[in-house]
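The form predicted alone is given below as one chain in structure tokens.
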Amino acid sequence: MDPGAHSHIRGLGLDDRLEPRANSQGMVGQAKARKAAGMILKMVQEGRIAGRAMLFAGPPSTGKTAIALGMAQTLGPDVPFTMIAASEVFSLSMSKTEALTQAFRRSIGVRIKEETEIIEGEVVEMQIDRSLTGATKTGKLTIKTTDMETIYDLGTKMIDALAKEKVTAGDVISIDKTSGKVSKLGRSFARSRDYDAMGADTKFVQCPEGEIQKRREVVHTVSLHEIDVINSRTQGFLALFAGDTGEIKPELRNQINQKVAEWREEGKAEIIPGVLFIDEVHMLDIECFSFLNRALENELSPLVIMASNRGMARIRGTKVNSPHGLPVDLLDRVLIVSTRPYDSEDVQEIIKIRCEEEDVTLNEAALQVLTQMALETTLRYALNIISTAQVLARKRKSDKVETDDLKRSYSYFMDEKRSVQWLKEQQGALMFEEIGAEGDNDTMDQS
């Protein structure tokens, strides 16, 4: 999962009627698959699709991961989107089902509403008195809005908080009464003539109106997994940063589910089912698949999107062959979307987009050659060659990549077909080469 390979994707490139545009937001071609993804997203945004599953099935480098990333971008930051490769589930530190459960719970958001009291106004003046030793500080803070003015007594903690934010007279600030957090909103317009106290990036704001103390509703979005970690007794909050969460007991999860259900009834919280994307899903084994079947039936479950580039393949942990390497009972639950190989125009567009993204200039002839190369080898190979050819072009002190640079790169780096050919030509010169390897494979398949 190299994020660099898909850094140009900004969304699915659909218009308001969910029709795919030819080339938009970094997406090219795959019109049917993108439209299907757009319809699914619409349902996610309306909260109607939790607990469903989709499978993107198609040959390698036909844009399966790209579409998933486009979906993530379209959903925006508020809907949780988790991306895992199926092989990540087999880690040493926790069981397979625990790793899957954590991925599931990372993909379910809880939007919590809280009411807090804040003090908001323009600082008129701040007086701070230090004791002789300097150990204790006391002070007074005068704050005004357009309608009123109040003086507050300050303790040491508040004085430190104000000093840390570099609050001076003429700043418009807000103080959260419950946490004591001070935030600076900007300078008051009335002070815009103080040229000496102004940097180039000073932001001016109006002096607030009305009461100095206001009640305000604050909304936080956290994932269920974060709630689990903070409440687990291991390291609590710090475990989120260390990433070392270990196994979380099912009893704790049940308690949290009940609590969240209570909050939902009281209107304090709402559940945002997000999206869990499992790449290379054929790498999961039969135990994980049966767990997935069960997890999709839970009332708290996200939309699960899977990607597989296998045709008929053996299900891990069994001797059974099945389409896409998934058991039939799971395939029965999923909506399958197929991605098709790109045609030459699409390939050319993708190459152009990647060149823009990587700041590489190809001349017209080189673009044609690279497109042809992509069709004969693979799209990924052609995209990898772009940057190597740029290195060669720079060596010639040229900022344009030309056909010769591509040809030289092509001769330095082999694609898969030429590599196989080369191995055949070596005929036993490599160590540990299996003698009669093809015969061995046949006997393995029969077993």
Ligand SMILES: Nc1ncnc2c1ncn2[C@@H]1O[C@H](COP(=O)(O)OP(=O)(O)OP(=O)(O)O)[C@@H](O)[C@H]1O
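As the structure is a prediction and not an experimental result, all values here were calculated from the model. Heads up: residue numbers just count along the shown sequence, starting at 1.
The form predicted in complex with the ligand exists for this protein as well; it is not shown, and the discussion that follows is about that form.
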Heavy atom of residue 14 within 4.5 Å of the ligand in the predicted complex: no
Contact label in the predicted complex: residue 47 to the ligand, heavy atom within 4.5 Å: no
The ligand contact in the predicted complex: residue 309, any heavy atom under 4.5 Å: yes
The ligand contact at residue 66 in the predicted complex, heavy atom, 4.5 Å: yes
Interface stretch in the predicted complex with the ligand - options 286 to 294, 106 to 114, 372 to 380, 329 to 337, non-hydrogen atom within 4.5 Å: 372 to 380
Contacting member of 272, 350, 162, 303, with respect to the ligand in the predicted complex [4.5 Å, heavy atom]: 350
